[in-house]
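Okay, here we've got a single chain as structure tokens, the form predicted alone, with questions on binding and movement later.
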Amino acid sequence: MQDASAGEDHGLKARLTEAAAWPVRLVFKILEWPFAAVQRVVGVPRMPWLFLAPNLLFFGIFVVIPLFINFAYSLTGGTQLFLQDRPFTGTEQYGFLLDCERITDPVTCREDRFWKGIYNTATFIFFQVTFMVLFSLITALILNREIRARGFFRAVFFFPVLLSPVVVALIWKWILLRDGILNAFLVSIGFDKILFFVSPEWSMFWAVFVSIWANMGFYTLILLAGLQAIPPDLYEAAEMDGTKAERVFWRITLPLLWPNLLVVVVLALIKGVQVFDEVFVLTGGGPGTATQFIVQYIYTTGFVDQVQNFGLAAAASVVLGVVLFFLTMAQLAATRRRDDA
């Protein structure tokens, strides 16, 4: 009786599976004849290009063409919006951006806001990337150990990555306002309120901190994957030899993790150069220009200033694009080296 009942259940499952698969088969049968006809015309080797064509079309319309238009704008002057109405000025916009008596002092540059944005971005990148990599490495090492609720903590550290940068900035802005949660806590334990967005040092500190908090989970995940790829036999052999934990880290873990670590550094550099939305919502670039970075300079010059200088903003974005190109090439080289290792 049990065998008969099991047979009936199996038959019922088979019929349900067949019924569920029927619409899918119908769709494939309908699509089969036009794709077969196209394949006979273009040939099998060209079929991948047919499937790539929609993506290539959108990429060309929304990425490649705007890049050329932006470069064309960087070679023009005036305040007119349409390209055909703008006079050709050659490399004048680039010369204006790069005209400095002393490159180490933005005040001596004709476009001091551009160089101030560069120095602010460089300062941000130095602290953000350094501490981002350090904290991500420490977190990955801890989460790679056999600890209680390890899966939960991995999810907790990765959760901020899923949030929109604007949402992250708004959350921390509400915390750091004059009457925000953090100042309420400080007052409750006997301290005075701190105006975090009035001091340039505090503003830069919180810009770095919020960026690390929002993005650290992504880089932790990359390093954690690298740690889990290290053969356990190496650690077992080191333990049998009585090797100290510090020596194991420097001699085994770090060398084998180095390709992942290099990728993390390059990706963090690329993202750090492009920082805009989090800091713009958090501090607005202030106080003054203390946290105005290069992307905000481009946005302000092209769209916010009373006299919108599209040519100058386009030239600055081309300079930024060149920097990102070289960083991307470094990331590809690091990835290729990791794959060859």
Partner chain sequence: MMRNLKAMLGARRGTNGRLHWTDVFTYFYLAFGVFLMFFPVVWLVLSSFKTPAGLVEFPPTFLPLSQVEVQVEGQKKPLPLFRAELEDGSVKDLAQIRRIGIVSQMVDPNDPDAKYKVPIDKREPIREFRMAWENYFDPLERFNFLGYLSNSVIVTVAATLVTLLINSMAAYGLAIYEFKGRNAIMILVIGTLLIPITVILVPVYLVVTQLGMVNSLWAVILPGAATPTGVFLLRQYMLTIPKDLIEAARMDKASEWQIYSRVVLPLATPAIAVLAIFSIMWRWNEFLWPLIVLNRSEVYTLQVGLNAFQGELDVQWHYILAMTVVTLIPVVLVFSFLQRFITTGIANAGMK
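Positions refer to the first chain, counted from 1. Whichever C-alpha set is largest while still superposing within 1.5 Å between the two forms counts as the rigid core. Predicted model only: the values in this text are computed from it and were never measured.
Another form exists, predicted in complex with its partner chain; not displayed. Remarks below refer to it.
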{"property": "Proximity to its partner chain in the model of the complex, single hit among Thr91, Thr79, Thr104, Ser164 (heavy atom within 4.5 Å)", "result": "Ser164"}
{"property": "Residue contact check: Val63 to its partner chain in the model of the complex, 4.5 Å heavy atom", "result": "yes"}
{"property": "Residue contact check: Ala290 to its partner chain in the model of the complex, 4.5 Å heavy atom", "result": "no"}
{"property": "In the model of the complex, Val198 touching its partner chain (heavy atom, 4.5 Å)", "result": "no"}
{"property": "Leu221, heavy atom within 4.5 angstroms of its partner chain in the model of the complex", "result": "yes"}
{"property": "Residues of 290-325 having any heavy atom within 4.5 Å of its partner chain in the model of the complex, listed in sequence order", "result": "Val295, Ile298, Tyr299, Phe303, Phe310, Ala313, Ala314, Ser317, Leu320, Gly321, Leu324, Phe325"}
{"property": "Ala122 C-alpha relocation of at least 2 Å between the shown form and the other one, rigid core basis", "result": "no"}
{"property": "CA of Glu201, rigid core aligned, shift of 2 Å or more between the shown form and the other one", "result": "no"}
{"property": "Threshold 2 Å Cα movement between the shown form and the other one for Leu256, core superposed", "result": "no"}
